[in-house]
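Taking the form predicted on its own, here's one chain by itself in structure tokens.
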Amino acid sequence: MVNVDKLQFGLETFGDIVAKEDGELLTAGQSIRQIVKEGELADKLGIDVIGVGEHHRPDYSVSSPEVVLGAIASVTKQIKLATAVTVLSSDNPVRVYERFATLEGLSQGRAQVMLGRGSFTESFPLFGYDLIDYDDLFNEKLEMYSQLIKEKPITWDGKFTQSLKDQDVYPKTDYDGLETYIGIGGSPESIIRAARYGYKVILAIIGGQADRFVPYLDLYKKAAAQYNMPVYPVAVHSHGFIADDEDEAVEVAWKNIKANFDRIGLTRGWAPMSREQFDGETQSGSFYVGNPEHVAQRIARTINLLDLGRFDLVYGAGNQTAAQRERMIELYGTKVIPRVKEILSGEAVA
């Protein structure tokens, strides 16, 4: 049974380049400043979390999400500030801890770390890592990070990381330490790993129906029990777009999400997205697209099905305009979230 009173709702952006009304693209800097404005708007609307992704490629504006989150921290009061995700495999765990501990102090305890192996791989050669070590890099660095967040002197010797002897790392946090999630794309091994370390889980459902993730949640609970670790409410993030008019929402999303997925697919061997595929995702799959009532009904069903504690909507995919992005955030905060809570509090989920 979903606890509506504790249910959280977030927004995530991967830092897509924003378009002007005439279709011309803004610069990366202009797009970054737009994200800060959107974070301020989300905070005013009472949205619980904003997440900013890390990418190192021309179609995304943000390669250092913690800097952007620091800017958002300076103009907000309540909203939690997350990455989506921090690619730990190609990063330095000490620097990850230091950056987030700094953000935690700056934001008065609102920093949230979301760690992942990275579905994009451009950061590996950029920072001198070999993709053949993809799994080993993450495993070793996650273990080191797990030691660091205890905020005690660390002695460490690894294959891919520096050696430390009784080394303290700063700054120390003022609040309850660093809240950490593991971003998971559907690997059973990833679910078990998160449970073993006692981290919270956020599932990236970017294709297909949510029903197929039920076994993963069962596995998470069983693994946590086996390792004597707590079972936290699970979070999900999925793409979406909301507009006042259903047809407008569908057409804007079709244009932008298709362009986004097709561009990514060029490097991953995906076939171009068909309209049939897109329509299937918006009707019963992982794209939450439509007017507020339609999107609210679909989000409520997913939350109820998976017994979630948090739902994050990934917004801004492709090259949407600032007006489209901001209106979507307004509708999410003022209409969709209240309606989802209303549905889950007693009405039947359509």
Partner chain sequence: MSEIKTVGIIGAGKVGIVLAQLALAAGYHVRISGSGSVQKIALTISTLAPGATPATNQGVVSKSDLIILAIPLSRYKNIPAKLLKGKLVIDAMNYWWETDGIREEVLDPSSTSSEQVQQYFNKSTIVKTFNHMGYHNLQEEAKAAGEANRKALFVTGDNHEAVDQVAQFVNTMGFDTVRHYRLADGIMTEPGSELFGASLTQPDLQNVIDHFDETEFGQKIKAEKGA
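What you see is a predicted model; the values in this text were computed from it and never measured. Numbering follows the first chain given and starts at 1.
There is another form of this protein, the form predicted together with the partner chain, and it is not shown here; the text below is about that form.
Colleague: Considering non-hydrogen atoms and a 4.5 Å limit, does the partner chain approach Lys222 in the predicted bound form?
Modeller: Result yes; Lys222 sits at the interface with the partner chain in the predicted bound form.
Colleague: In the predicted bound form, does Val231 have a heavy atom within 4.5 Å of the partner chain?
Modeller: Outside the cut-off, so no.
Colleague: Contact between Arg212 and the partner chain in the predicted bound form at 4.5 Å, heavy atoms?
Modeller: So Arg212 counts as contacting the partner chain.
Colleague: Does any heavy atom of Phe160 come within 4.5 Å of a heavy atom of the partner chain in the predicted bound form?
Modeller: Close contact is absent here: in the predicted bound form, Phe160 is far from the partner chain, nothing within 4.5 Å, heavy atoms only.
Colleague: Report whether all of Leu131, Glu189 and Gly208 sit within 4.5 Å of the partner chain in the predicted bound form, measuring from non-hydrogen atoms.
Modeller: Yes: each residue has a heavy atom within 4.5 Å of the partner.
Colleague: If the cut-off is 4.5 angstroms on heavy atoms, which of these, Ser74, Gln226, Thr155, Gln78, is the one near the partner chain in the predicted bound form?
Modeller: It is Gln226.
Colleague: Of the options Asn92, Gln277, Asn256, Gln147, which one has a non-hydrogen atom that comes within 4.5 Å of the partner chain in the predicted bound form?
Modeller: Of the candidates Asn92, Gln277, Asn256, Gln147, Gln277 is the one lying within 4.5 Å of the partner chain in the predicted bound form.
Colleague: Out of 80-88, 114-122, 246-254, 96-104, where are the residues with a heavy atom within 4.5 Å of the partner chain in the predicted bound form?
Modeller: Flagged stretch: 114-122.
Colleague: Going by heavy atoms, what in 244-278 lies within 4.5 angstroms of the partner chain in the predicted bound form?
Modeller: Heavy-atom contacts to the partner chain in the predicted bound form: Thr267, Arg268, Gly269, Trp270, Ala271, Glu276, Gln277.
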